[in-house]
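Only one chain is given next, in structure tokens, and it is the form predicted on its own.
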Amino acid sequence: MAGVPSSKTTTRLKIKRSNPAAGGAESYSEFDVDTEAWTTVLDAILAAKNYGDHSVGVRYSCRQATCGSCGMMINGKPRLACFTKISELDGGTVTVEPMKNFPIVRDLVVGFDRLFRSHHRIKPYIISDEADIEEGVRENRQTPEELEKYIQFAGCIKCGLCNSACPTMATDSQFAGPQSLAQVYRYVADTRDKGKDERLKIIDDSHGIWRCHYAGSCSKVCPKGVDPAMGIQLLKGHMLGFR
């Protein structure tokens, strides 16, 4: 529109590159990308990939902070690239690196096998006795108060940012991680679920819930406000018989 000043600027984007399978050394590629006030870090990466170097490895899908695919380190902090605007950062060079505490596949892409194994191990589904369901009943209703106990924790999108920020994940290769522990609480707090004792046994070991030292970094980086640290502390109350 005539008379409206453009907000376009040029941003220096620095991408960490590596390919462990090929045995190459780590390096950084730098690109100058045109950005607007609304340009996200993912937009900038894709611009660099499309017009600078097609070989840049990055994982993404929904582009609206729902799928959790584009987690990475952005200026040293775990964030979703599609949810982080260039204009929200401190200015200057934007440096993107693969998430910490995950094995690198290539460039910004990391492997999620450990996260998914831990998530699967805690049985992330409602465990119930079908005999408790009355004949002809097709719903298991809950009151708003019952829903409120766990709905916040049901918002997890498995992006891995919490595990990347967790200091215990960096020192214990078998630690369950804040993502799966918070999901244990999500089901323990659900009145429809009958698997509480089973799940508490799974996490009651030296690499389970007692390895969490409540650093709180997991909750600071969660893009959906799940607050894994609070879920883990509430879960400890169940472990100790206080709830």
Partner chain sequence: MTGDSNREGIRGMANPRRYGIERFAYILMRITGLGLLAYFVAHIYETSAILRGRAGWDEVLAMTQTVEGHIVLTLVIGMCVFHTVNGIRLMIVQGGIMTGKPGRADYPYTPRSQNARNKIAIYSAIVLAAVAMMYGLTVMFGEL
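Positions refer to the first chain, counted from 1. Just so you know, these numbers come straight off a predicted model, no measurement behind them.
Just so you know, the form predicted together with its partner chain exists too; it's not on screen, but the next bit is about it.
A single residue from the set 81, 115, 169, 122 has any heavy atom within 4.5 angstroms of its partner chain in the predicted complex; that residue is 169. Only one listed stretch (50-58, 205-213, 35-43, 190-198) carries heavy atoms within 4.5 Å of its partner chain in the predicted complex, and that stretch is 205-213. In the predicted complex, its partner chain lies farther than 4.5 Å from every heavy atom of residue 126. Taking non-hydrogen atoms only, residue 229 approaches its partner chain to within 4.5 angstroms in the predicted complex. Using a 4.5 Å cutoff between non-hydrogen atoms, residue 136 does not count as a contact of its partner chain in the predicted complex.
Within this chain, residue 100 lines the site of its partner chain in the predicted complex, having a heavy atom no more than 4.5 Å away. Residues of 72-91 placing a heavy atom within 4.5 Å of its partner chain in the predicted complex, in sequence order: 73, 76, 77, 78, 83.
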